[in-house]
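Next up: a single chain in structure tokens, the form predicted on its own.
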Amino acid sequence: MSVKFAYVIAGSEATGGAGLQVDLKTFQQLGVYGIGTITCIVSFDPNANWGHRFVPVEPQVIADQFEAANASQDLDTVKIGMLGTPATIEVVAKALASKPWRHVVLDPVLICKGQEPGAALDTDTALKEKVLPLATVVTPNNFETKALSGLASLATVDDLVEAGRRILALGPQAVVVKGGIDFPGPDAVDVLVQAAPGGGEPTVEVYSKAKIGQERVSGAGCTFAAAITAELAKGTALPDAVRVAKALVTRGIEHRVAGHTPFSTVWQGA
């Protein structure tokens, strides 16, 4: 039996609705063996309106996990999720640069609500400078797309395409701009903007499905990026990997899991 491997470097989220837990569930659902390195621990506080509690993992412990994971298997496809601090970004960027990768999927989690604004800004800057240029695919949400592209509004498909082009200029090979629930109209629209070989005009592909309700569902972004990662690990072409990811997330939102939290979560097993 030929086993495909996907690696993730991300935070742990204690309820299981986001972060590394979602990534590994998504890998499993798509038939890929998942291996993970934890960068931080996020636990919602049920006694404080489910606000974030954020604890970073020591950089040396992150480096140790990376060493063990990559010694155990020949890993060439990795998803990067929440990093959380400039020190974490530094150690992860150094680790990524230490070996060749076939695919680096960056889900650019720019802000953790448990952080002070100044610390969040330092983290955003470090992520853009040190990790974004290493990515083969970036999957920003509406807020992250505005922050990375400098566009104030994402109201049309043309806006999504222009944002993707601007982010592409920062160094990655491809960008999937997620319109999501914030995109106007009845459809959830995502746009893949991919650098053309030889430096020609980027290629553009639009993916659209009807929105399922008007409420945010936790874990949708993590699941989407993880599904792309899993498919790329199996050798799927990027446009098709995005198509699989969107279908899986749509199904997961349709069968979302409710709990005592004020939000529902994507069900990867749907």
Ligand code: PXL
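Note that residue numbering begins at 1 and tracks the sequence as displayed. Keep in mind that what you see is a predicted model, and the values were worked out from it rather than measured.
We do not show the form predicted in complex with this ligand, though everything after this point is about it.
Participant: By the heavy atom within 4.5 Å rule, which residue out of Val42, Ala245, Leu30, Leu238 makes contact with this ligand in the predicted complex?
Facilitator: If I apply the 4.5 Å criterion carefully, the residue I get is Val42.
Participant: This ligand in the predicted complex: within 4.5 Å of a heavy atom of each of His103, Val131 and Ile228?
Facilitator: No.
Participant: Might Ala188 be said to contact this ligand in the predicted complex, defining contact as any heavy atom within 4.5 Å?
Facilitator: Ala188: no, not in contact with this ligand in the predicted complex.
Participant: Look up in the predicted complex whether Leu232 has a non-hydrogen atom within 4.5 angstroms of this ligand, and give yes or no.
Facilitator: Leu232: no contact with this ligand in the predicted complex.
Participant: Taking the shortest heavy atom distance, is Ile167 within 4.5 Å of this ligand in the predicted complex?
Facilitator: No.
Participant: Although this ligand is absent from this view, report whether Thr250 comes within 4.5 Å of it in the predicted complex, heavy atoms only.
Facilitator: Thr250 lies outside the contact set for this ligand.
Participant: In the predicted complex, which residues of 188-227 put a heavy atom within 4.5 Å of this ligand?
Facilitator: Contacting residue: only Cys222.
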